[in-house]
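Next up is one chain by itself, shown in structure tokens, the form predicted on its own.
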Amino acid sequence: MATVLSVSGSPSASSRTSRLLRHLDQRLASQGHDVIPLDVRTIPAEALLGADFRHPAIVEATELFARADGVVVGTPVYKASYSGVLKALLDLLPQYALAGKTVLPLATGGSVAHVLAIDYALRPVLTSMGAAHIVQGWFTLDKDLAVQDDGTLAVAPAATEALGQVVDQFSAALGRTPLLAVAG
């Protein structure tokens, strides 16, 4: 099957967004995909903020994007947009780092007022990076994600169903995406 890079753009170590991605990674792995998790917060700040393209962590992240057939990008919504740490990483990747790839954008937030952040903030950046196909994304309310005492994530039933559908659509699209040649 496909290699999927699962990118958490949350700056928090106790992030619901990261936990949601790791929860969804299990579904993708059960469908036969090789899933590689990447928590952007683990990349050294000096590399991200200093735009150090040669820093080993940036080089490694760039290689992970290059290897992936598909990318899941998850972010908490802050001030009606995706996180700054995610923006910092995306800015350091090659212009067409998503060329030929299927992408699933996901976001979490405290209010439905931020639902459009996927389409009006994140999707244009992913498109500009050459994504071959950006499947319908999904916004999950924080109230639908609960961290259990054992550290596992409990997802509200309605959110579970919706997330299952978008992940399954992404999984199906991975096998149908034609590779695009990008001049450059």
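Just so it is clear, the model here is predicted, and its values are computed rather than measured. In this text, residue numbers run from 1 along the sequence as written.
From this point on, the text means the form predicted in complex with a small molecule, which you will not see here.
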Consider the chain as shown here, without its partner, and state which of 89, 98, 77, 73 has a heavy atom within 4.5 Å of the small molecule in the model of the complex. 77
According to a 4.5 angstroms non-hydrogen atom cut-off, is residue 169 in contact with the small molecule in the model of the complex? no
Look up in the model of the complex whether residue 12 has a non-hydrogen atom within 4.5 angstroms of the small molecule, and give yes or no. yes
Partner proximity in the model of the complex: residue 23 to the small molecule, non-hydrogen atom cutoff 4.5 Å: no
Using a 4.5 Å heavy atom cut-off, state whether residue 102 contacts the small molecule in the model of the complex. no
